[in-house]
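Below you will find one chain, with nothing else, as structure tokens; this is the form predicted alone, and questions on how it binds or moves follow later.
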């Protein structure tokens, strides 16, 4: 198991799904973890499960001034993970433009705001979370595909601009996370079952699968500018 003993880690979107699993992984490996989310309730709930090594703050990454104030006061981190962002599905000719703009502002520009301002110590890393739709778009996900591809391109560019700070991107496939809790249970189970039939690994992913990859990239001193797919083979199936 990798150790991050004594290191400071920031997880943006660290109160649910992949972000929460990554925060738990870093805390278990000895790091002091700060999780941020727009929801105070979600922050408080996450801290209950993360233990004494975790701290929480509310932050809306769509708000320039909030991001500036938070990062100016936060100091430096050893590793930063950006896993926040809401991207609605819908065909490009039916998804309302305000919803499309909001999705880009949340997932892409939110990551950009954090990346350009956060202070990362020498030897540290920045990890962005995209999604396999960047290379395997669906029939109602052109916007999500574009945002994820843009994040991956951003990660490669920042790896050069921020060197020797390491910058990587994690690209998950379909995961069993609270993101799908709004679907009726039968619809959710049907979606998962159909996905399992297509995936080479024969199962839907879990947040912990992605968290393991995040910790790997944070701890691997020779990895930068890469996109690591953790999709069960979804990008090739």
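This is a predicted model, so every value here is computed, not measured. Residue numbers count along the first chain shown, from 1.
This protein has a second form, the form predicted in complex with a small molecule, left out of what is shown; the following refers to that one.
Trainee: Report yes if any heavy atom of residue 173 sits within 4.5 Å of a heavy atom of the small molecule in the predicted bound form; otherwise report no.
Mentor: Output for residue 173 is yes: heavy atoms within 4.5 Å of the small molecule.
Trainee: Does at least one non-hydrogen atom of residue 200 fall within 4.5 angstroms of the small molecule in the predicted bound form?
Mentor: Result no; residue 200 lies far from the small molecule in the predicted bound form.
Trainee: Taking heavy atoms and a 4.5 Å cut-off, does residue 53 contact the small molecule in the predicted bound form?
Mentor: Flag for residue 53 set to no.
Trainee: Does residue 49 reach the small molecule in the predicted bound form, with heavy atoms at most 4.5 Å apart?
Mentor: Contact with the small molecule, no.
Trainee: With the partner absent here, would 16, 38 and 62 each sit within 4.5 Å of the small molecule in the predicted bound form, counting heavy atoms only?
Mentor: Yes, because 16, 38 and 62 each have a heavy atom that approaches the small molecule to within 4.5 Å in the predicted bound form.
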